[in-house]
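Shown below, as structure tokens, is a lone chain in the form predicted alone; questions about how it binds or moves come after it.
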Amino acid sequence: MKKVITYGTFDLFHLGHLEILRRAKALGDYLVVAVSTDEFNSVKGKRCVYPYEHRSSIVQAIKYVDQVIAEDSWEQKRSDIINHKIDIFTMGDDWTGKFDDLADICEVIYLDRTKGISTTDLKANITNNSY
């Protein structure tokens, strides 16, 4: 069985999120998704609309997702890969090159983002009432 892992905040879940999860699952047989906790998002300077519990529940309900874990720090990726016996680490292509150091323990694949869809843009449009 080939296991895949990806990471994300998954706030304001949208088609781009669904597509990245669909494509991540297509890389293997079992998909683990690490959802950033509220505390970790604070460290990253992000503020979510929905709390971790809601975001992780939404992600867990997606048919492509087999398991959801919490992402608490940047450093945990290596231990997650080892502890969950991951074969493929995948992220959106806006992260290209940032996680190449993990290639010594698994395959690293960067997926194209869904064009025209961004949580940041969505939040800005909602704030400016231009949706």
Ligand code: C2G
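Numbering starts at 1 and runs along the sequence shown. Note that the structure is predicted; figures quoted are calculated from it, not measured.
Form predicted together with the ligand: not shown, discussed below.
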Query raised in the report: Only one of His84, Arg78, His54, Lys46 has a non-hydrogen atom within 4.5 angstroms of the ligand in the predicted complex; which is it?
Result: Lys46
Query - Contact label in the predicted complex: Glu39 to the ligand, heavy atom within 4.5 Å - result: no
Requested in this report: Flag Asp104 as yes or no: does it have a non-hydrogen atom within 4.5 angstroms of any non-hydrogen atom of the ligand in the predicted complex?
Outcome: no
Report task. Could you confirm whether Met91 comes within 4.5 Å of the ligand in the predicted complex, counting heavy atoms only? Result -> yes
Query raised in the report: Is His17 one of the residues lying within 4.5 Å of the ligand in the predicted complex, judged by heavy atom distances?
Result: yes
**Report entry** Heavy atom within 4.5 Å of the ligand in the predicted complex - qualifying residues of 51 to 85
**Finding:** Glu71, Trp74, Lys77
